[in-house]
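Only one chain is given next, in structure tokens, and it is the form predicted on its own.
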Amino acid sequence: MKHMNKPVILTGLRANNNLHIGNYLGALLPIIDMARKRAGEYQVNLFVPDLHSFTTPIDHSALQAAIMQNLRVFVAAGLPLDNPDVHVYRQSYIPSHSELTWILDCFTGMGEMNRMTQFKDKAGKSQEQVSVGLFNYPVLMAADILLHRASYVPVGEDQTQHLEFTRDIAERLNNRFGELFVVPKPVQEQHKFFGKDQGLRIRDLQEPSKKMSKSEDSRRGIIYLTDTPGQAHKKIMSAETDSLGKVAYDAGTQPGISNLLTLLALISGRTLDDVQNEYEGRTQYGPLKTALADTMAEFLQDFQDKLAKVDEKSILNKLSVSEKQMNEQAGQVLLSVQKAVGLRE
């Protein structure tokens, strides 16, 4: 069987949410930087996990528009569509994802899924019926990774359990049926490979004890990439800080101020040390907020100008080419699994 001869980096962002600055800094930029610098050495798979999109209730009529909008955001952020080692595809356009998920389901224990803390967290917050899809989400994620023989998958802190499950199920089937899957690298190696920005956690501006999350109901503490510069400026100026009256970088005692310092460093392209040296020790928070608000407004204006100029035809062409290649590659892996479990001669 012919396999890819380059190690694979795989990542995806759920399509039906309005992406925010935390997604941009913690997920988009690191993988785009990786694609630019290492696509010759690695195959970079950036997929739209549209099947994951309705593990929780959504407006299904808006899903297609959301998929294209997120792809436009990736291109505006600098994704090199013309690189042959960068592949962009929609999960549901590769039917092998669904079939491998079912096969993996039959080798997965209920107890394994019951231990997934992300499911417990989301199920606990849900005001509606919790779906089997949400419970089963880690198995589909494992299929996404294993079908494309991915060694490296940038995951945040809340997804590390899912990556470990992927390694477990791959080793389980490999031990029983032979070398079917490439086992992705363990979490520690993932963090080392992707560097300090991997899993970056930007905090909510109104509740800095929590990370900025696109699934949160409150919009006041979240800067969306679609916010106007004025809206973002207002959100930053009203950000929650503390009553200590002194600028210091200490995520434990001053999470709000630490978050603002981090954001200013990242958005302005400066080092955190440089920003700390400028603001630490000041007894007023206003100048820091103003500097960040102005810088963020400029960033959003520039980004939204680029977004408006993205050529959607180039995205559709890239999807067509990538999805043909990914169907062939995923189909090879699926066929080997089907043969191993007795579904094919």
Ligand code: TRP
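What you see is a predicted model, and the numbers here were worked out from it, not measured in a lab. Residues carry their position along the shown sequence, with the first being 1.
We do not show the form predicted together with the ligand, though everything after this point is about it.
In short, of 71-79, 150-158, 229-237, 180-188 it is 150-158 that has heavy atoms within 4.5 Å of the ligand in the predicted bound form.
The ligand in the predicted bound form comes within 4.5 Å of no heavy atom belonging to Y279. Within 4.5 Å of any heavy atom of the ligand in the predicted bound form lies no heavy atom of K318. Contact between T11 and the ligand in the predicted bound form is found at the 4.5 Å heavy atom cutoff.
The closest heavy atom approach of H52 to the ligand in the predicted bound form falls within 4.5 Å. Distance criterion of 4.5 Å from any heavy atom to the ligand in the predicted bound form singles out F47 from the list Y42, F47, Y285, F299. Among the residues L173, M141, V275, L100, the one placing a heavy atom within 4.5 Å of the ligand in the predicted bound form is M141.
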